[in-house]
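Encoded as structure tokens, the following chain is the form predicted on its own, with no partner shown.
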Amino acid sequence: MKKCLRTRLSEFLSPKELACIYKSYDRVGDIAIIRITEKSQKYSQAVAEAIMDVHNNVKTVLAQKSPVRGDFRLRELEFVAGEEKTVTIHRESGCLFSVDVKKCYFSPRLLYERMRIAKQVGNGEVVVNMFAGVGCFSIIIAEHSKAEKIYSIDVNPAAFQFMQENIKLNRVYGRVIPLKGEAKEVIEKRLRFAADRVLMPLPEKSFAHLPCALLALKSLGGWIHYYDFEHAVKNENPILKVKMKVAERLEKLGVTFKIPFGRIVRTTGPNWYQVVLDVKLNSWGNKINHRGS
């Protein structure tokens, strides 16, 4: 589709003009989100119309005007073409997700990762998703595994509202449990020693919340799926760098663990990577300092 788009654009843009346009864009439901720069801004309308020509099901094109930032991981979006809206329904892995792309963080690029985790969840497991957003990881786990319960925490009121709607849309009420609030507070009050598996899909906060993730695990141990951003220049391994950082932290917390798997989820910028580690914690009893940092 990228090739089709560039072929379409090449009909009325020169190679020099094409060079300053981002090759990739996100499709969330019937909304496409493009990235623009000062140089490419004057071509945004042409890019939007070309995308809608290539993808008949795209009804709206928005331009990303800022990086993802803030506690809610939001980005500034500007209407470019089509229907002026920010709410859509996205289909993924047999599930439906209602989302407002302006008020909630949502990345269609995590499709493989969401299913990868879901396939690991065993029968009867209890899962705690510390940063659930609109419920994508949680609902896909409910749909594609026999987990007993998936506790889904998020502090963003808009994301929480859409999560509740998505639980109803996918008929997983009673298995996916929505919990509104900051993950640390919710776990300390309600989910101590509750989980066989903990998800931490918020790279900006995962490292600081590691002690909290441990607190959510059952004392017999379990799994933590840890996400982080890492910078790595030539000849550096971003996965190894994250492993060393996490291993040092867990050793200080006095737990026994192994990290059998890590992968680069995606590239997020020049020499920047999103990395996931699957961390296996052994039985740790009551070693964790619950106020640890």
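Being a predicted model, the structure only gives us computed values, none of them experimental. Residue positions are given as counts along the sequence shown, with the first one as 1.
Same protein, other form: the form predicted together with a small molecule, not shown, and the subject of what follows.
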property	result
Contact residue in the model of the complex, chosen from W223, F162, Y151, Y105 - any heavy atom within 4.5 Å of the small molecule	Y105
The unique member of V176, L217, C136, C212 whose heavy atoms fall within 4.5 Å of the small molecule in the model of the complex	C136
Segment assignment from 117-125, 154-162, 189-197, 81-89: heavy atom within 4.5 Å of the small molecule in the model of the complex	154-162
The small molecule contact at F72 in the model of the complex, heavy atom, 4.5 Å	yes
E76: touches the small molecule in the model of the complex, heavy atom cutoff 4.5 angstroms	no
Contact of I141 with the small molecule in the model of the complex (heavy atom, 4.5 Å)	no
Partner proximity in the model of the complex: L202 to the small molecule, non-hydrogen atom cutoff 4.5 Å	yes
